[in-house]
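Shown here is one chain on its own, the form predicted alone, set out as structure tokens.
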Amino acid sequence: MSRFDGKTVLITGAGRGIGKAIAQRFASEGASLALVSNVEADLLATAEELTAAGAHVQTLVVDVSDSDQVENAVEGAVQRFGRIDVLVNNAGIAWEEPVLEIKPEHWKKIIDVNLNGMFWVAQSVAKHMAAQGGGVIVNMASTNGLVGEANYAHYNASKGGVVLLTKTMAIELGSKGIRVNAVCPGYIQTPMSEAIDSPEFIEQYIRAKIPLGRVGKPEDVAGVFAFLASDDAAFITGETIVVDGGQLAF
């Protein structure tokens, strides 16, 4: 399939994990890629792999919580490719901390990256999309933005904010030809999750909570992003699509 031939996709948090899998999926369907991350080594490694496979790739080292850096990066992508057709707003971080022990700097950092950063990127890209006559934004939310989970109050709050930011943007930007949706993954095995959880915890989690009997893979999520960004989803906006192996069916 080549649903994205001639289109440019900007992906934040693109160096590893789900972001890398999303970049690989869009590249396989013909997209040119503007890849954003604050970890240069991961970003360059992903870009090298995709370029070797034939993709057109630009790398942009950016802290998405810094609105000035975001503006400069988006301008750079537009200058390179002429337009941005799809934004995959994926960058995010998490810490496990009980609510009574959350450090102020951790609360601020998670909100700055996961919610404020997502807004700065979406706003900047949406201005260009409005001027060019349309586009698609797909935000990375989480099942943690739909239901609570102990020890993740800051992360849960940030992802709940993403869900309502998505709906509000969809309402405001639909008349400008811009669709805005969010994806809510459940437990996906990534470098970030592996740094937090032990194998024993993961096995117990699967048995207790996931009807399909496994955790998700980044590729499980990447396909949903590609669908929502494609013309196959042309009448879908303001939605949150859950990808969780059935966890929220309980």
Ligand SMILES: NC(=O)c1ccc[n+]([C@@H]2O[C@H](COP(=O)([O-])OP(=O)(O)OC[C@H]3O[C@@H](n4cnc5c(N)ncnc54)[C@H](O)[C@@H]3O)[C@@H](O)[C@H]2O)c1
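In this text, residue numbers run from 1 along the sequence as written. None of the values given here were measured: they were computed from a predicted structure.
Below, we refer to the form predicted in complex with the ligand, which is not included among the displayed structures.
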item	value
Region of this chain that lies against the ligand in the model of the complex, out of 127-135, 77-85, 91-99, 172-180 [heavy atom, 4.5 Å]	91-99
Heavy atom of Arg16 within 4.5 Å of the ligand in the model of the complex	yes
Heavy atom of Ile202 within 4.5 Å of the ligand in the model of the complex	no
Partner proximity in the model of the complex: Met140 to the ligand, non-hydrogen atom cutoff 4.5 Å	yes
Proximity of Asp63 to the ligand in the model of the complex, heavy atoms at 4.5 Å	yes
Candidate site Gly148, Ile241 and Gly245: all three near the ligand in the model of the complex by heavy atom within 4.5 Å	no
Residue among Ile210, Ala222, Ile188, Ala55 with a heavy atom within 4.5 Å of the ligand in the model of the complex	Ile188
Listed residue that, although the ligand is not shown, lies within 4.5 Å of it in the model of the complex (heavy atoms), from Val113, Ala73, Leu165, Ala122	Val113
Stretch 150-177 - residues with a heavy atom within 4.5 Å of the ligand in the model of the complex	Tyr155, Lys159
